[in-house]
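Below you will find one chain, with nothing else, as structure tokens; this is the form predicted alone, and questions on how it binds or moves follow later.
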């Protein structure tokens, strides 16, 4: 006789939802986590406020999951953002919508969400064991058969759900444990890389830290390939750091930088910042020139404070070859045209990103052609399921990755329970 019907490994967003879904369907479920508490990454998400999902329409939501988001059509159709909202509201968690569809608990505390989800899992009779690391998944005759713990004990089950995350934010327990388990079952692991991660630059003005701490609001950040073709543009906020660029716009561009650097086999990737995305270069030229005309005796370095961030002015003027003490009557028009172009496309050479451990999300993972998109069951090993960040799926920050985790977790938990119950015979 089996010890359990469904074993869920990993007590994060995907694992907790998988355990809840399997428990709701009446399966005998065991949830294992190697850490001392559940929902650790969920607890620090959204700056500690927990961005539980994103309320965008279905097709729009998929667009914000550029890493194989289309694979999620089936899972999201079964349990999408509206269902996630209803799920948490059904647990008594009031939610509110903020900018760009982001959904947060009214309490602004991630602990509220984590406690409610863990409480739901326990109320369904799921057995929860923390501080219980798994050494490997057991297989027998091409099927999942249970797990072996690090202490050598074996626990049997007809279905095993791997929900142990990727390699990002390892302090939460995501240390890549699931990849060798998947490979042992014959699965391919696509190349792992950091996404939603700050960018690094060797530019002199970065290394000198002269721009460190400068925050830019509502700019456009564009990534270009080696041939000068635009790869992607993101609008949002950006922060200059002592090592490069951070903030939402930089994070969203990071996966394109990583892939282009990989394609080029190193070197640098050019990114440009548009400080005035709602204006054309001609508009910028005219408006800034008009500012100098309004104060013709003032040095241009002082007049430009009304148009662009003060910290950037010396760099802009040096690159446009303009003397910072020039006044309106002495401005060379060709060089002012160059200044306008720089305001519209300030170039920054990017030579990489921070490590995968420093990233918010792991790119790559279990190859999706080897996983059933409706059930999240392995196509190679019956009774084995994958969900969450372990899969080769990644989205932008803003509730998209958690939505993918909850959705795939729910699908895996549901289908594993249905399989286990059918096997009771």
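Note that the coordinates shown come from a computational prediction; the quantities given were computed from them, not determined experimentally. Residue numbers count along the first chain shown, from 1.
Not pictured, yet referred to below: the form predicted in complex with a small molecule.
- Think of it this way: in the predicted complex, the small molecule has a heavy atom of just one of 127, 260, 177, 83 within 4.5 Å, and the residue is 177.
- For the candidate set 371, 32, 27, 61, a heavy atom within 4.5 Å of the small molecule in the predicted complex is found for exactly one residue, namely 32.
- In short, of 313-321, 131-139, 84-92, 151-159 it is 131-139 that has heavy atoms within 4.5 Å of the small molecule in the predicted complex.
- Taken together, the three residues 23, 410 and 415 all stay farther than 4.5 Å from the small molecule in the predicted complex, as judged by their closest heavy atom.
- In the predicted complex, the small molecule stays beyond 4.5 Å of every heavy atom belonging to residue 56.
- Of the heavy atoms in residue 386, none are within 4.5 Å of the small molecule in the predicted complex.
- Residue contact with the small molecule in the predicted complex: residue 253 places no heavy atom within 4.5 Å of it.
- Interface residue remark: residue 68 is not counted as part of the site for the small molecule in the predicted complex, having no heavy atom within 4.5 Å.
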